[in-house]
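Given next, in structure tokens, is a single chain: the form predicted alone.
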Amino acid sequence: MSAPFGRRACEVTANVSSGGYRIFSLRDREGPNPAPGQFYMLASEREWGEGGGRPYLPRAISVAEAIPAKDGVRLDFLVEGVGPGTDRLCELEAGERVWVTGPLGNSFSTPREVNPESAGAILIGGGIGIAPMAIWRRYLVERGIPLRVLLGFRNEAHSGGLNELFCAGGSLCPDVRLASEDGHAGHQGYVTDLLATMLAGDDATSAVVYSCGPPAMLEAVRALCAEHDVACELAMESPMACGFGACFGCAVPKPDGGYMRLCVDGPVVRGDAVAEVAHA
């Protein structure tokens, strides 16, 4: 899905607290419905670079949900305040406007597109990286594709978005399993522990793994999938200044040499298309 040319102003319709994160919604009256895995470049209309101060550049944020409506598309974003830009996005109030460019980048491929013999999908998200897993999960469920979802969190204070994005009828979706490093929910340990157990099964190669999360987690996912000969797609993150390939700020090395730009060649990439997921 291609983005409309230029940026446009979208109204904030809601901003709620969720487990140490924030979920804010925008009403996009002009843009197309995004595909799972795509992202937007966002900057608030007010208090963004005013007086020459930070933040200077828009922030690349994955879309967590997109709901078509008669007056456009409702876009939901999961964000954690870790600096001037994300702090400002966390402070957004209903009625404010945000400058939006997107949707940008590529999207996830269906399991059969990745592996014609696949029987289903395994989705694995960590921390703020659960956002693109939410919209991808809904896409797969609506098409009757079997799946399992593995979500991991550092601790209870960093476990936002779970209730809003992965609960149906007030309870956790039946295909979701949890891991937490502090043991507050599900398996105590890393979410990749759950993936390792799942990939040890006899039918592991019949699934395609999709993942988004911190670099260390993505590298563990990539290595586990390579070890078990399981195809995977990784939604990777990198600092971006433009979002459309001009600045080369998001270049990552390829296994055979050279570089790819995550904003246009990604952010979703095959696990065997990157030499290593570099740690921040």
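If you're wondering where the values come from, they're calculated on a predicted model, not measured in any experiment. Numbering starts at 1 and follows the sequence shown.
The same protein has a further form, the form predicted together with a small molecule, not shown here; the description that follows concerns it.
Task: Candidate stretches 238-246, 218-226, 66-74, 26-34 - the one whose heavy atoms come within 4.5 Å of the small molecule in the predicted bound form - done: It is 238-246 that comes within 4.5 Å of the partner.
Task: Contact flag, P146 vs the small molecule in the predicted bound form, heavy atom cut 4.5 Å - done: P146: no contact with the small molecule in the predicted bound form.
TODO: Although the small molecule is absent from this view, report whether G85 comes within 4.5 Å of it in the predicted bound form, heavy atoms only.
DONE: Yes.
- [ ] Flag E80 as yes or no: does it have a non-hydrogen atom within 4.5 angstroms of any non-hydrogen atom of the small molecule in the predicted bound form?
- [x] Residue-level check for E80: yes, a contact with the small molecule.
Task: Contact of P267 with the small molecule in the predicted bound form (heavy atom, 4.5 Å) - done: It does: once the small molecule is placed as it appears in the predicted bound form, P267 has a heavy atom within 4.5 Å of it.
Task: I122, I128, A134, A179 - the one with a heavy atom within 4.5 Å of the small molecule in the predicted bound form - done: Exactly one residue meets the criterion: I128.
Open item on the list: Check for me: heavy atom within 4.5 Å of the small molecule in the predicted bound form, for each of F153, H158 and C173, yes or no.
Closed with: Checking in the predicted bound form: none of F153, H158 and C173 is within 4.5 Å of the small molecule.
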